[in-house]
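Just the one chain here, the form predicted on its own, laid out as C-alpha cells.
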C-alpha cells in the first residue's frame, strides 16, 4: 500500500472540511473491510483517509413514524442481531446473516458496504425490495436517494464529491406482506453469490391479490437490479404458482450478467429466472396473515 495520512474527525462538520481540503486525494473509511483490500490491490491509492469511527450518533438504530433509521456506521452484525429490527424487519436480519463470515460482519458497516457499489453484495437486493433509501450528507446539506437509483455502474454510485452516507432509511412493511432473500453459492458460505434475489409482496386487505411487490437481484448485472417487468406482471393479480412462473421468465430480459468463474452469462441469466421465482414463492409463503 502507499503511504497515507489518517484523520479521525469527531464531528461530521470536521469530516466535511477534511474532504473539501483534500479533494480527490481523500477517501472515507468506515469498517475498512473493503477499502483496505482495494488499497492492498492498488485499485485506490488515497493520500488521506478520513475515519468516521469517532463521530458520535452514526451507529444508532431507531424506528419511528413507520420507518427504520439505521446509522451508516452500524456494523452488519449489529443489524443482523438487533432485536428491534428483527421484530419489524425480519428480512434485514436474515439477509445480513448471509454476508461473508462473522469476523467480517463484526467489522463491516452498512454504509461502507453500500458506498463501494459492489453489484455482488448480498444486502442491496433485499434493501431495494424493501424500498430503502440512503441519506447523503455534506457541508451543503442532505439529500435522500432511493436505493434502486443509488447504484449507477460497476462499483459506482450516486455519491457526489464531499458527500458521506450517514443513514439508511427502510420503510416498515405492511402487516399483510412477506419477504424473502435467497442466493446460490458456488463454493463456500462466505463467497459471493452466483445469483441472489429478494422479493417483498403485499396482499390486498382481506384478499389474495397482490397489492404491491418489489423484486431485486444481485450478481446479474453491473449494478443490483430491480425487476420491474416481473413486478408489473403480478401486481394486482392473484399470485398463483403459474402466474409467478410466467412472470419470473421476464427477468431474463432485465438482467445483463458478466461471465466469470462463478458462471457464464447464459447460466446466470437462467439462474436469475429460477431465483426470482423462488424468491417470490418464498415471500408469499412468509406472509403471516393470508386468509384461509
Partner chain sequence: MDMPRVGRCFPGVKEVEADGEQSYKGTMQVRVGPVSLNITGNMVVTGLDKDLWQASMRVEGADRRLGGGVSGEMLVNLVDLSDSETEVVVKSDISFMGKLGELGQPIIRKKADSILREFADNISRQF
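As the structure is a computational prediction, the values presented were derived from the model and not from experiment. Residue numbers count along the first chain shown, from 1.
One more form of this protein, predicted in complex with the partner chain, exists but is not displayed; see below.
Residues within 4.5 angstroms of the partner chain in the predicted bound form, judged by any non-hydrogen atom, belong to 155 to 163 and to none of the other stretches in 208 to 216, 91 to 99, 176 to 184, 155 to 163. By the 4.5 Å heavy atom rule, the three marked residues 25, 45 and 222 all count as contacting the partner chain in the predicted bound form. When contacts are judged by a 4.5 Å heavy atom cut-off, residue 61 does not count as touching the partner chain in the predicted bound form.
Mapping the unseen interface onto this chain, residue 259 counts among the residues with a heavy atom inside 4.5 Å of the partner chain in the predicted bound form. For residue 267, no non-hydrogen atom is located within 4.5 Å of the partner chain in the predicted bound form, even though that partner is not displayed. Of the heavy atoms in residue 242, none are within 4.5 Å of the partner chain in the predicted bound form.
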